[in-house]
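The chain that follows stands alone, in the form predicted alone, written as structure tokens.
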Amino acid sequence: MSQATQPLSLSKMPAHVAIIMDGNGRWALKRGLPRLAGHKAGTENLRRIIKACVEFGVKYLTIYAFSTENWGRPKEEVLGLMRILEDVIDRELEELNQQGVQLRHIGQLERLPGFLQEKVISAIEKTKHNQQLIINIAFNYGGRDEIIHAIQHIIRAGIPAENVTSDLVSQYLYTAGNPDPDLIIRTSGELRISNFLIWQAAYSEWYVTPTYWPDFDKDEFKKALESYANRDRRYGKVNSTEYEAKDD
């Protein structure tokens, strides 16, 4: 039996997987296609990964769809990404709802076009009771912006400085109510955080693959989960077996 067809047997399954879906543009350019064709292919691939999350038992999925810095891209590409999000909501919402997927948005919704804001809010409302898989769509999202947003709200709430704790800050982030990501995947081989979940990723495990996002299929996702399962998460502490061995 080949590696790709072996049944998945994981001793440690990440509850929350976050993905930087990188490489869409390069995937398209390698094929002589416009960059937007790569973004569309990446969107089609997302359907496969959502199904794999449900199959493998992942409970939270956060996807980096559009950063606060992406507004600096060519206008036609930005508008195209907005249309892709609209199209995804129109085409996929019913099926996602039937699959028990809950959609959430993280980031600043206010800067999006009014018609798109309405569609996002409607999708969130329609799926809010689903619990099979919770998907956080990071659209117009930036990690630093998120932390600034949290600090501003803490100050407005009149909370004394001595009462500000890590747990309190987490309650004011866009991801409030979600566990921190156990595993963060970045496709296309780039070794950057790119302003993604910089508070929440303090102790996340990272998995970087050279595979471009449109080609990151179920088997590639499985490899990432298996890599995670074979790691020892220490959270800044010492592995107990290593500590005992040192004492010997």
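Quick caveat: nothing in here was measured; it's all calculated off a predicted structure. Numbers follow the displayed sequence, beginning with 1.
What follows is about the form predicted together with a small molecule, which we do not show.
The closest heavy atom approach of I84 to the small molecule in the predicted bound form falls within 4.5 Å. In the predicted bound form, V88 approaches the small molecule with a heavy atom inside 4.5 Å. By the criterion of a heavy atom within 4.5 Å, I63 is counted among the residues contacting the small molecule in the predicted bound form. In the predicted bound form, L225 stays away from the small molecule, with no heavy atom inside 4.5 Å. Proximity to the small molecule in the predicted bound form holds for all of G25, N70 and R73, with the criterion being a heavy atom within 4.5 Å. Proximity to the small molecule in the predicted bound form, taken as heavy atoms within 4.5 Å, picks out 39-47 from the listed stretches 177-185, 52-60, 199-207, 39-47.
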